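In structure tokens, one chain follows: the form predicted on its own.
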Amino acid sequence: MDATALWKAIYQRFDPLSPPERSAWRVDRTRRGLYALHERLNLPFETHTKILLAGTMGAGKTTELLRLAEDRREREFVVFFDVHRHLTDVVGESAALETLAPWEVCVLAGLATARAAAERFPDRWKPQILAALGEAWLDLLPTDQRAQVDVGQLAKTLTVTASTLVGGSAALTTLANTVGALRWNARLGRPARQLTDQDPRVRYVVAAAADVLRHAAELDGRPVLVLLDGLDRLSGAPEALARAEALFVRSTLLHELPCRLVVTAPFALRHHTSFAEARGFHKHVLVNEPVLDPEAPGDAGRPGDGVAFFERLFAGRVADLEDQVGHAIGEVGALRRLAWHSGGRARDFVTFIQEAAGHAFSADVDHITDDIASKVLDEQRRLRETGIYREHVDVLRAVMDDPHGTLPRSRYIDELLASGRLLPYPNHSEWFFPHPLLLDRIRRP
């Protein structure tokens, strides 16, 4: 295998913007990340379980949701749909996420399930059920948007990952966008006015979405499990918190859907008291891998248990490549440094490896060396330091100096948490520490 092919493969396999392509590349979390979700979904006396999955940005929630979908495909009719990606890639209005109404999320859940069920059961699927959802949806749109919309065609613009039947057994297949050129005339995130859960038109559209979900369960003969990703991408505080509360705390529409549902919650809700008040939802938290030792959090020479997770992650994605080149692709010390400096965030570690692949190709070497790791970390440190002001440094120092890793009362806390410059760790009681890339900047001389 020549150097170009080797580093191109690694560069593509470690894409921080996409979850791993192969299920074999997903590894178990140090703290058995989704075990509690399986336990909850397995309860026979809770028919329509609803789970709110919150956690640190970049902690790997999408990968964990896909792993959950893979593991549950034999038990339920699984539908995985990324709301944020749909708004960005198909609707072309990523900002719509910031104003998405609860009933619109219900519409998207219905459309995604219809997309999957119509593909799985083409001879038995009743298109009139989806058409009824379209009629209810149009009635909620502003007058200037009520052009005739073919919801059957719109549903085909959704890229969903869903249960299929292959060789007599359940599999997980991605149903790609088949009519990508179709324009979404019925826009999302722009309701004519604020509508309550009890508005008759809202009740009508949610009931229509519920009919889609019930029809899918009837066709499959198993419960429907909808995994909604992307709602954790709300940005900005306190605006993100207000939107999160509108979706999960002040509204019960998602809880009313007749399906099992796991939905990602915005980070702004993660550390707010209203998280516990999201009605009808069981709460689950996924945070960084514990790469820091709580007894010596600033010492890279004393890593925590989570470093081993990243070693397994790297090994799983390059095993076949190492067989071809006949040696290890990364020096142990270099990989451990990258893992520790990631702060336990899977997205950061994957980014580091992708950048290291580019440096290794340029240096004409066939493995990631400690020198390459140093270059990557220096570049990433400079990026992480961008936008850090004295007030931020004061807060980060206060957290670092606190023996219990507790948070001071400061208006900058939400900003530092949301930007990943301040991170939570799950060793026993949760504690906090600055991102390892920032330690040189904030340590006192």
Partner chain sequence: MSDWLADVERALALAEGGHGRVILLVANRFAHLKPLMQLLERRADQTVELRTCASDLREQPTGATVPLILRRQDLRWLNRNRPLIAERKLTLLVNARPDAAARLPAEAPDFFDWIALRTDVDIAPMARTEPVADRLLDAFDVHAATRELLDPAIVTVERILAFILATEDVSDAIDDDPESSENFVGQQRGRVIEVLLQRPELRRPVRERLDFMKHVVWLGES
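Residue numbers count along the first chain shown, from 1. If you're wondering where the values come from, they're calculated on a predicted model, not measured in any experiment.
Although not depicted, the form predicted in complex with the partner chain is the subject of the following passage.
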Please identify the residue among R203, H272, R250, R85 with any heavy atom within 4.5 Å of the partner chain in the predicted complex. R85
Answer key: of D366, E119, E98, E256, within 4.5 Å of the partner chain in the predicted complex (heavy atoms) is E98
Of the listed stretches (65 to 73, 398 to 406, 381 to 389, 36 to 44), which one has a non-hydrogen atom within 4.5 Å of the partner chain in the predicted complex? 381 to 389
Is there a heavy atom of E355 lying 4.5 Å or less from a heavy atom of the partner chain in the predicted complex? yes
Does S23 reach the partner chain in the predicted complex if we count a contact as any heavy atom within 4.5 Å? no
Contact test in the predicted complex: R260 vs the partner chain, heavy atoms, 4.5 Å: no
In the predicted complex, is there a heavy atom of the partner chain that lies within 4.5 Å of any heavy atom of R441, even though the partner is absent here? no
Please state whether every one of the three residues Y11, H359 and S419 places a non-hydrogen atom within 4.5 angstroms of the partner chain in the predicted complex. yes
